[in-house]
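To begin, one chain is listed below as structure tokens, in the form predicted on its own.
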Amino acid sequence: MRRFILRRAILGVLVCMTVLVISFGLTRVAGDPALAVAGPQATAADVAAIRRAYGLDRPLPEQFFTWVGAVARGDLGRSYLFREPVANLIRARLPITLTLGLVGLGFALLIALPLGIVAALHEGTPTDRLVMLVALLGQAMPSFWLALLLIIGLGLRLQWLPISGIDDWTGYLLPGLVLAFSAIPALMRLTRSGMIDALGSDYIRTARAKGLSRASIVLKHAARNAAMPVVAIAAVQLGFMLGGSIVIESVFSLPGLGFLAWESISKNDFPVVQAVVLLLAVIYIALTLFADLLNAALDPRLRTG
């Protein structure tokens, strides 16, 4: 188990370093940060002075290693747009994005688990095909399109839920529901396949032979064992949701990390973009490592893979 953890940790560090290189390179390819800071009315002398002030006149490898060294010390730089430390911006916005991701994951589990169980109990029937059609629609529908439909239907016409901002907890419901649809198909299919395997196992046949009720067999025995892998995959899906929050937060005007990234990209605020990309990558890597460890704990055969 220790070797398994060590291999996964080394892989996570390598992925993190790759993200560092790619995020730094893409922000430099996108344009000159000095021009973005100086503004359209700045003279060549102003732009040159800004380059010197921010160290942008140095060679790119030197800029990269300077930035990596600062990140290692916990210094994420200073925002060009907001004129304050990037760490302060992230500290203020991160709770909103995490809350949105957890709400979305909660919706996904509440919808996917029951539907997956129903599909497994009616395998091969029209009910099963209807449930899988729901999964297909959830996978095929663009999140921004679903967001617009829910805004028009539940927000503007019925006025059940707010369509922007987070004045209270209800502000997370619509964006959380939209975010959940990206995770529902995978969770639903995994629940369905796990339930089908569980229902055909020997211990379920033994439970039937003992005369246990159908509800007890399904909920206490089959569903409990089928849900274990789903919990591990749910951690990975949470990472996907946090990464996909950029679109959702922009549509619903939620001041989280995603909206901060969109603002920073549109204004070429590269220190913020680099920090947000790095943070989301680290969170995703950590969640993936947690899922791998949980899967290995549930299935010892994976430890040798």
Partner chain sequence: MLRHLPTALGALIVGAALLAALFGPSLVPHDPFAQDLLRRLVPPAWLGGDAAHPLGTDQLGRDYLARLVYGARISLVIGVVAALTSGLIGITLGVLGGFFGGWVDDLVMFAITCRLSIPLILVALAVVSAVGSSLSVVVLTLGLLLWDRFAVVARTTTMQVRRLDYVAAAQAAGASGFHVLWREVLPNIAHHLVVVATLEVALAILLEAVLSFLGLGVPAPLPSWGLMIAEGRDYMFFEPWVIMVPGLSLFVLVLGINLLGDGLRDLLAASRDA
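Numbering follows the first chain given and starts at 1. All values derive from a computational prediction rather than experimental measurement.
The form predicted in complex with the partner chain is left out here; the points below concern that form.
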*Choose from 74 to 82, 151 to 159, 169 to 177, 99 to 107 the stretch whose residues reach within 4.5 Å of the partner chain in the predicted bound form, heavy atoms counted.*
151 to 159
*Proximity of residue 284 to the partner chain in the predicted bound form, heavy atoms at 4.5 Å*: yes
*asked:* Considering non-hydrogen atoms and a 4.5 Å limit, does the partner chain approach residue 265 in the predicted bound form?
replied: yes
*residue 129: heavy atom within 4.5 Å of the partner chain in the predicted bound form?*
yes
*Distance check, residue 293 to the partner chain in the predicted bound form, heavy atom within 4.5 Å*: no
_Triplet 9, 190 and 235 all within 4.5 Å of the partner chain in the predicted bound form via a heavy atom_ = no
_Residues in 127 to 147 with any heavy atom within 4.5 Å of the partner chain in the predicted bound form_ = 129, 133, 136, 137, 139, 140, 141, 142, 144, 145
